[in-house]
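Coming up, as structure tokens: structure 1 and structure 2, two forms of one and the same protein chain.
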Structure 1
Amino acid sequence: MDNGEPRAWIVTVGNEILIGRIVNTNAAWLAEKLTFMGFRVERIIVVPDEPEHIAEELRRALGRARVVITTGGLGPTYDDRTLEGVAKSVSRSLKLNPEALEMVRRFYERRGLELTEDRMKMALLPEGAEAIPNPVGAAPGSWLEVEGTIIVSLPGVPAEMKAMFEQHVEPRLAREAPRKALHECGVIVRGVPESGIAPYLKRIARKYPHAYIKSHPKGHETDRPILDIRVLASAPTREEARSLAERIIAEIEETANGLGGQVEREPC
């Protein structure tokens, strides 16, 4: 489904993800958020904690994606170098941001802790960036717009990332997203191989360009096949999106019945 939606990239930073120690739940959460806001998520990329790798991916996004969200690498340790990579990607330097420094100072002051050099490191933002408040943790985020691309950098701790996105990032990005509604429906089809229904789904998808149709096999291709077919419909209003999704699901249901399948339709 591509109806002129602004593009979004998600860049997750962290060696712990690349070695399989941590599952990238942040990207999945952000992808759903951005999709239902009206963005087209075009890339989800995982890079190591190295500024050169971070900068390489961000340079690719400049002028192509309307928004890039990075997660991870904003903390006080030696390998938290995401903002160094952001700065490098746009040929800018890191500077002590007064607003970010005040956020960090207040966080540790409330806990009776001093503002050490390592803690001050979290207030170093790319030149020209705005600090994003962190209502949960210590590290501020960063908002930087260059060449028509907004680069938002958030911490990797899920609770911090989610709170910052919902309170401070989502309201601003909503101005960039098209005013439309999305609605998702699904249907379970038993007894029809994915390869058997694929050409019919392709035909239906071409008929409805404002919807994304995807089948997810849950069983064996030929031995008792089970398909979870999802429909994500887009329209100017919620009711129109729901109506479109229901219409598509009805066609899929009719097709699956014609192929000898057993259909379990979830409420739309």
Structure 2
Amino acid sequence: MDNGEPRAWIVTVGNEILIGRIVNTNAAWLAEKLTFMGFRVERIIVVPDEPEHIAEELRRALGRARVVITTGGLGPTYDDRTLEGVAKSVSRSLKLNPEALEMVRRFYERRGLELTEDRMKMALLPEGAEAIPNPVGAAPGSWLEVEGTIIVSLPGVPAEMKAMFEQHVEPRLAREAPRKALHECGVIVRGVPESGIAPYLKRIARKYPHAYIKSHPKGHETDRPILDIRVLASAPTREEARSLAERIIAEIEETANGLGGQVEREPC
């Protein structure tokens, strides 16, 4: 499992997950992204929204993980204390970040709302951190590099977290991950309903963490089912990515044939 990939930790801040009222889908989404980018996700840790707990886990990650992503606890309320925890873990203090303040100011201005003290609190970042723009909500994120570890803090609202990660974090982190080549192949399967092949595709997907497998139903689900199945594989070289995609396509073909489907391969 350990192939010398840079390590990533995910720290989810949220009492709601610790009381079992929310399933940690943010962590699953980030874990898939980071794995696909070439990181080895070594820990997913859920902590109470208290700075001491957040700092305890971040300190363990320093110098060990190349990147730590925290989610949650960036909002304007009294129990949003993630950045206090981040600052504490690296023995720095929180400071009003001018860029973050400008982001928050603009967010509320556009909505005709005042910049209250609660709202300004969202512009307090750990000393030395950069603000990450939030295209969806009010709270900026934080990017801080210390002792060779990048600590990225994103909000807990999935739509905000995902937009910020994809627009501002993923492109920068890609430079830290081993260079990856991508290759995509597709296959059309006729005569097998999506629900029939889904469990097999799931099993194949689990076997190959460095590939995305998606199926798109085209015909009628049970009457004349047609499925367009796409495989996007990532590997250190173009050749390896292509051969990985081909191997997966071959497995899908075998499965579909076994289920009585007709398979039409695209040139790969």
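Residue 1 is the first residue of structure 1, and the numbers go on in sequence order from there. Heads up, when I say rigid core I mean the largest set of C-alphas that superpose within 1.5 Å between the two forms. In this text, all values refer to a predicted model and were calculated from it rather than measured experimentally.
*Asks:* With both forms of the chain shown on their own, indicate which is the form predicted in complex with a further copy of the same chain.
*Replies:* Of the two forms shown, it is structure 2 that corresponds to the form predicted in complex with a further copy of the same chain, while structure 1 does not.
*Asks:* Since the chain moves as two rigid parts, how big is the smaller part's turn between the two structures, in degrees?
*Replies:* Relative rotation between the two structures amounts to 57 degrees.
*Asks:* Look at the Cα of A181 between the two structures with the rigid core superposed and state its shift in Å.
*Replies:* Spelling it out: core superposed, C-alpha of A181 shifted, distance 4.7 Å.
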